[in-house]
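Below sits a lone chain in structure tokens, taken as the form predicted on its own.
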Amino acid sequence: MNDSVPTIANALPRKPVTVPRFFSAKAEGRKLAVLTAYDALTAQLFESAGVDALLVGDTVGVIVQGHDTTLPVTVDQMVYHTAAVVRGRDAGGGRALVIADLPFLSYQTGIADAVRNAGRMLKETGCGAVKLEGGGSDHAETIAAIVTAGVPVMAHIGLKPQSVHVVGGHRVQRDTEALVADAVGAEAAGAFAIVLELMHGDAAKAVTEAVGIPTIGIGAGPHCDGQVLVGADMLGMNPGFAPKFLKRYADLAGVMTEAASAYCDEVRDGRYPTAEHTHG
């Protein structure tokens, strides 16, 4: 084998990752690799790298829009970014499952609103599923209604960023009994997977063992059935953000700053463009 060619060990085979195939990874013992993306180019690159799913998170409000929280993000904005990610995924090969976040107040205001907004995500973007923050303890009826309408749902328990003002910040969740009950309830309601965010490792292990659907961890330790990271964080584009769970696989902040600085210097010194870059 050519060592220069990247391999996708322990990944789903190179077929489109549908919701049933994503779900079956747990029983098959395959770990799921998920990254967030908000634009077509990033989605295309991550798709080409072999990710199993692209999550269009409402973290777009922080990473792209510059807000302090995800709360200002709207349904229209999520539709816009999700459609872009789907186009990028398709340009890169069309394999990864695209999952779109339902933003704040798009599903908390009633089941009819939740079903309408979830359906809109699928109809207008081409994504394969939606994610909402909550589980069996608070959104079982909503999950069930959305699934009944034909929209696959990924649940989200542990730390829920849309509730940041209620919980008073980003705190590690440790109540194993409550977390397990929340996850079991989400599964019973019809969720096909669950994100476990900022959770004590032992609690995440207990949750993962208690449910038959995949658990996707972020800050929840190694016992989950898969992992998700914010793409920009994984790439080292946000050097000021350094939680314990984050591993940076690149230093794009340094690379991008150095490249932009070199460009500025060459423009100001008259070294760019040259004849090489001029149409004759």
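Source: prediction; values computed, not measured. Don't overthink the numbering: it's just position in the shown sequence, from 1.
Just so you know, the form predicted together with a small molecule exists too; it's not on screen, but the next bit is about it.
Residues of just one listed stretch (45 to 53, 225 to 233, 250 to 258, 25 to 33) have heavy atoms within 4.5 Å of the small molecule in the predicted bound form: 225 to 233. A single residue from the set A96, A186, V195, V153 has any heavy atom within 4.5 angstroms of the small molecule in the predicted bound form; that residue is V195. Scanning R89, H139, H81, K131 against the small molecule in the predicted bound form with a 4.5 Å heavy atom cut-off leaves one residue, K131.
For G219, no non-hydrogen atom is located within 4.5 Å of the small molecule in the predicted bound form, even though that partner is not displayed. Taking non-hydrogen atoms only, T59 approaches the small molecule to within 4.5 angstroms in the predicted bound form.
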